[in-house]
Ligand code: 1HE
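One chain follows as structure tokens, the form predicted on its own.
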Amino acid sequence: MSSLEFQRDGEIAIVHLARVAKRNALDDDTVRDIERIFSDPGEGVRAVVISARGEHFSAGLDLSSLTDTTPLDSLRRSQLWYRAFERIEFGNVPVVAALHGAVIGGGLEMAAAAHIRVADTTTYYALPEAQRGIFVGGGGSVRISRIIGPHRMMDLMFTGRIYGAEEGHTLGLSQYLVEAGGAEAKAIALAKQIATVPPLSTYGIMHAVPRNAEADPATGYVLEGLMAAMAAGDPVAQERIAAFLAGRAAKVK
């Protein structure tokens, strides 16, 4: 995987985009590698950090991919991106994105699929597709619109507006904002904390919470109740509850 680097840190996997000369622009081979890694991050992996080498997280789609393309080619490319980014959002383990520099176009679409996003102060966001005469094709009109709202999404696309790190953070494009150069370390620390959450609780957070946000309340309550019942009966949960009641676990302060 020449465009990606993969490493393990105990229960954490760290994936780096590594097309530095292209500002980590995404071509089809890179997206296929992303799909493969997030489909099966490895035995014992409990959380994944996705980060990037160089000065930028990702400048989006490698536009050289669009030369001599047809509408059918573009449709198939979008289907590839949908599959890959779905494996980030609804895969086997939580994903924390460490953002810095350009988080543009397809790079922002990929980041939006992560469960937690940590940005440093060098980060900036943009969706310049319409300025090139094209349209988002990696799920952005769905995921990014849900984060910032459709009218802000349209503003970004119509005008080529750029959000800086602080404005993007205020709008929810990141949940954490850290000093320049600190995003990856913070993301790894969060991933290690997330890895301690029992598997059934992790599954519910990843798969039930986002679906309940879109479901009608009655359906959402049913799914929530089923997940609560399953998680409470998990032996790991029973051990942790007993430890709390016995005073062996920290209380929220």
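Numbering starts at 1 and follows the sequence shown. This is a predicted model, so every value here is computed, not measured.
The same protein also exists as the form predicted in complex with the ligand; that form is not shown, yet it is the one meant from here on.
- Interface residue among I34, L61, A52, V49 relative to the ligand in the predicted bound form, by the heavy atom within 4.5 Å criterion: L61.
- Within 4.5 Å of the ligand in the predicted bound form, a heavy atom is found for not a single one of R83, P94 and V209.
- Looking at Y176, you'd find every heavy atom of it more than 4.5 angstroms from the ligand in the predicted bound form.
- P128 belongs to the set of residues with a heavy atom inside 4.5 Å of the ligand in the predicted bound form.
- Among heavy atoms of I134, some come within 4.5 Å of the ligand in the predicted bound form.
- Within 4.5 Å of some heavy atom of the ligand in the predicted bound form lies at least one heavy atom of K22.
- None of 179-187, 141-149, 165-173, 102-110 except one has non-hydrogen atoms within 4.5 angstroms of the ligand in the predicted bound form; the exception is 102-110.
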